[in-house]
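Taking the form predicted on its own, here's one chain by itself in structure tokens.
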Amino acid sequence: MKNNIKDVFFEKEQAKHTKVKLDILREYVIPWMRKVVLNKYGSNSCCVIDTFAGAGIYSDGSEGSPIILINTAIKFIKQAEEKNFKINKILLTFIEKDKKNYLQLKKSIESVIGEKLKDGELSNCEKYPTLFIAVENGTHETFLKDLTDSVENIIPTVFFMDPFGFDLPFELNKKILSKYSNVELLINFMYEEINRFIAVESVQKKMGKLFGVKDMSFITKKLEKASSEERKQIIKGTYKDNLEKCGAKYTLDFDIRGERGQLKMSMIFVTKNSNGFDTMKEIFDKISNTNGLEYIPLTDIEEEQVRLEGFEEKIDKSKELSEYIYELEKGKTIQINNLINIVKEHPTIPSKYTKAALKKLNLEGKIEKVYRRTEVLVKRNTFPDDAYVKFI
């Protein structure tokens, strides 16, 4: 039985809930790189920073986040080369505090790329000239303090923050979000442990640093008589609210449950960009509809499997979205491309469901006509991006 904080957090083998977390990272990186690097108005460059990199692989041989990120970057570079797309540079930075893990991480990465890395320096890969990798034996806190203190502007960057516990100073999130515009954060919010220890007096200072507050009493008092669902809303809601107060325009969270149905962790995504927000909504939607990983209500814990929350498979998302769209646009006319941009800001449903939602509204007789600027009607139940839709 796990009796202390260290035992609770330490994990040598890749558990099912860990796989889901890494699948989210894996699925998001290539779409993000494609949108950022291939943007004709950008610098054709991007960066991913993993500040709790670990050893690169688990004891059972499964890949950790650094190896996943390197293989994903290489895959993207190959795809771009095949299509003659220009890439300037892709930077991958891995920070690991534990010396033994750091040495193993460096060895694992060198095995993947087939060449040696410089200690604590950015290494340009000979086989993939647009790929740069840095591995550093340091801490999340020191690295991010140095970065925000010394670097005024950065290329588009994803920060992957995956601590073993709750040693994740909120002040650093605040610095990143207030200083840089083109950044996204993917944070593993270790809910099970945070919920367990949040009222423990000996860790109140660390909890205060996690939430970005000096006094935790206003949170712990709310939790005294709260149900499990209310506790979740208070704990996660406070954290997300604080992120939004310091510059996050969009936040999205995806809950991952353990084999007993308990809430293990929540992947919290933070961005200022609606395209990034929409892309992550699509990834969450895809992950939650993978066989064996669909949403399961809290009361249904008969089968032992990973439980995911956020998108219930039984919900017809296009129906829900059609109601949302009609509520906003009833009696109005809007270009479909503009409507898609509006849907990108929906709190949970990705914009890919927009045209399916419009088909539903059309069948329900809530659309008067769909036409191009010349007043020429388009083919029934087609919704070209440049067309206009007039709602009844």
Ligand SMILES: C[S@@+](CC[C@H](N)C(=O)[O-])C[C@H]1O[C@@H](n2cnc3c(N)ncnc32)[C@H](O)[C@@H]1O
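In this text, residue numbers run from 1 along the sequence as written. Bear in mind the structure is a predicted one, so any value in this text is a computation, not a measurement.
Separately, the form predicted in complex with the named molecule exists; it is not shown, and the next lines address it.
With the partner left out here, the named molecule still marks one of 163-171, 191-199, 256-264, 271-279 in the model of the complex; by a 4.5 Å heavy atom cut-off that stretch is 163-171. Annotation: in the model of the complex, residues 34, 42 and 76 none come within 4.5 Å of the named molecule through any heavy atom. Just one of 286, 89, 145, 97 comes within 4.5 Å of the named molecule in the model of the complex, counting any heavy atom, and that one is 97. Contact check for residue 317: no non-hydrogen atom falls within 4.5 Å of the named molecule in the model of the complex. The named molecule in the model of the complex comes within 4.5 Å of no heavy atom belonging to residue 48. When contacts are judged by a 4.5 Å heavy atom cut-off, residue 141 counts as touching the named molecule in the model of the complex. Residue contact check for residue 28: none of its heavy atoms lie within 4.5 Å of the named molecule in the model of the complex.
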